[in-house]
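The chain below stands alone and is given as structure tokens, in the form predicted on its own.
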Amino acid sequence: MKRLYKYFIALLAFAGILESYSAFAQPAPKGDLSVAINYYVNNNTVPSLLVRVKTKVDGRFQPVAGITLKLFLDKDSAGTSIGSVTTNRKGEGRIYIPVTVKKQWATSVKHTFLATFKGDKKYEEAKADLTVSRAKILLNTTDKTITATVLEMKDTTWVPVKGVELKIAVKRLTGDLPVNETPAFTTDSTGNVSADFKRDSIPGGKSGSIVLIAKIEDNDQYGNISVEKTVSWGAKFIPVNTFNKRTLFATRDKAPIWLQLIAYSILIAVWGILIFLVFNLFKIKKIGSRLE
């Protein structure tokens, strides 16, 4: 009876070891990816796609780098392939629509972009799609009045679009600056919006050149469209050569007089105090020797 009891205990222990081993050998669950496609057209030329990939980590979305996605126009086939793109450290990848799909592009006024990820050891497969209508912006200027027109392709002609929100701004390095107090405009029944330019003091180049930009951002139907135009409405910037003049940024021999006076005064004061202290030490030593 004791022997049967020992066999039973050994069998239970062996079963426990097998169960723990199978649990340890089971692969970790794969993560899920969120894929988003953004459509861009600048100056009514070649469109591009920006793909963003992210995953949820501890309840928050984080960008995922190194994910390769295949992109297609309207359908997943060899003849409609746009190409493949791999995300960077920001989880983004950009690709321009090639001429190989020009024939497919001309067949419709509305297109659907497809992005597919086949999956790997870490993430499950993922897909995304985006449908946009072909549109463009025309930008005209007259007497510091800016007029932007939004047109959409219908059948074989461009027709104006009403109710589209767009921004009209001056393009700067750190961000676009609105041309006046109104941050955004909405097109009327003729597809037009007008804005008065009120940034006369904005610095431009030697001729006062600045770049105006009209853009549609994250529109559900048209995506992101922008158009630019250079005008001479800015304040002229005339560079001044101070190479041989006394400035704070010049060489030592070209430093301002007041700065040199301060520096030399401090130097003289410090050395004067040190000399005075040394002189007093000798004087104290001489008095001490007399007292002896």
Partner chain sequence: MENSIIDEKIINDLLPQKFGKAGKIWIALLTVICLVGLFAYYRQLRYGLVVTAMRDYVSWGIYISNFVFFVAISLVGSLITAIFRLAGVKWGSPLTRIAEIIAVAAIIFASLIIIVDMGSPERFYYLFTHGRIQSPIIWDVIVITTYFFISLLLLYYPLLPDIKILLRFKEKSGNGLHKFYGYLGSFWKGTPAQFKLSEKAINILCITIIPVAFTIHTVTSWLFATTYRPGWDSTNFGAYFIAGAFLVGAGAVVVAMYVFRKAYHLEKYITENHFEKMGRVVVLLSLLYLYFNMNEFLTPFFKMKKSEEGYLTGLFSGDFAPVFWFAILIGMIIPIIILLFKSGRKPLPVFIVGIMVIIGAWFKRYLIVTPTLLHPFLPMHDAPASYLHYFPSWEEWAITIGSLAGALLIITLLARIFPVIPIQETLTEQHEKAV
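Each form is matched to the other, and the largest set of C-alpha atoms that superpose within 1.5 Å is called the rigid core. Model, not experiment: these values are computed from the prediction. Residue numbers count along the first chain shown, from 1.
The following text describes the form predicted in complex with the partner chain, which does not appear among the structures shown.
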### in the predicted bound form, the one of Lys254, Lys236, Lys56, Lys30 near the partner chain [non-hydrogen atom within 4.5 angstroms]
Lys254
### Query
Out of the stretches listed (62-70, 42-50, 263-271, 236-244), which one is close to the partner chain in the predicted bound form, meaning heavy atoms within 4.5 Å?
263-271
### Task
Considering only heavy atoms, tell me if Leu259 and the partner chain come within 4.5 Å of each other in the predicted bound form.
yes
### Residue contact check: Ala250 to the partner chain in the predicted bound form, 4.5 Å heavy atom
yes
### Message
Once you overlay the rigid core, does the Cα of Tyr264 travel 2 Å or further between the shown form and the other one?
### Response
yes
### Rigid core superposition, Arg252 Cα moves 2 angstroms or more between the shown form and the other one
yes
### Query
With the core lined up, does the C-alpha of Ser48 move 2 Å or more between the shown form and the other one?
no
